[in-house]
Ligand code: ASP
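Heads up, the chain below is alone and in the form predicted on its own; it's given as structure tokens.
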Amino acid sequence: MNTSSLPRIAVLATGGTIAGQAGDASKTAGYKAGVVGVDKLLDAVPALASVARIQAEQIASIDSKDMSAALWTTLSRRIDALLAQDDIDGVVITHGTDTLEETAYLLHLTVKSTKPVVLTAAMRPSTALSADGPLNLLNAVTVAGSASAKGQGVLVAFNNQIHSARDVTKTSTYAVDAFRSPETGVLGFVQDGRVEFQRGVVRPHTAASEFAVVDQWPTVEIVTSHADASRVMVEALVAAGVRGIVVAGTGNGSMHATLTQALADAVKQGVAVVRASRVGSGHVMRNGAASDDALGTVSAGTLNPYKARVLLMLALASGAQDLQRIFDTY
């Protein structure tokens, strides 16, 4: 087979369940994540040789619950360096599912290339019966090598579906179709080597984004509004010197009265506060004079609290002043 015409794809491994290992093939829990190296992941998918020429790197070997901003910086910069090479057509990142949506959105806003960047993962460890990692990896490489994926920003290929990094979220603790895009739906699908996009990405990203990763990240934390909420968490975070707080509010980003007053006091002390929702789908409307204008808070729009945290970190790191513009744009 003449492989010289195949796209050249860099596969960057970070660990996760896709690289997990357990002593019992019948078990899909109780495994150790990030054990299997990238070479073994690739060896488990011989069909990759007919899809792309692979260049593999082990960036990290972690359980993605332990993802850090420092690793985001390393990953984003390495992707930019690779995609600046004429002989690299796209990048695939193998990742854990727990924080995949956060990493994907961070890269969506910081990578400065129109070449495809695709994240994938697995819900079952590599040693499990019917492990989903090998097919997800094959599909991710297929998408990364597709001309139709160029300019779509950072993508997630999972369970034969293609999602935008901005919209995708994990919705199940165990199912192999754990990732969904609740408000907008999938971008398209990949199956048996066929890649089809059924819609495009509208909001600015990658090369059109104003953001970049930094060496020192501002501290942004998340608090939740719930019955009988208190001031304790907010006061502790302000005392610790946080730059921003994202609220996982009830319903349309609403907040308990006690929490609202604590956050209003935080804003007066220079802390940026963004209202998101804990609901799981829908959007948070800006309340104008009724709430946001009076309190000095910002609406997260359709971003969930975890992605709102990513965007707020980037905005604060960049020195952006009009935070509502940032959230309305990205």
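The shown structure was predicted, so the numbers you read here are calculated from the model rather than taken from an experiment. Numbers for residues come from their place in the sequence shown, where the first is 1.
Keep in mind that the form predicted in complex with aspartic acid is not shown, yet the notes after this line are about it.
Screening 209, 161, 97, 127 for any heavy atom within 4.5 Å of aspartic acid in the model of the complex leaves a single hit, 97. Contact with aspartic acid in the model of the complex, judged by any heavy atom within 4.5 Å, is made by just one of 33, 54, 272, 69: 33.
Of the candidate stretches 214-222, 89-97, 74-82, 244-252, only 89-97 contains residues with a heavy atom within 4.5 Å of aspartic acid in the model of the complex. Using a 4.5 angstroms limit between non-hydrogen atoms, residue 123 touches aspartic acid in the model of the complex. Put simply, residue 302 is far from aspartic acid in the model of the complex: not one heavy atom of it is within 4.5 Å. For the chain shown alone, residue 65 is a contact residue for aspartic acid in the model of the complex, at least one non-hydrogen atom being within 4.5 angstroms.
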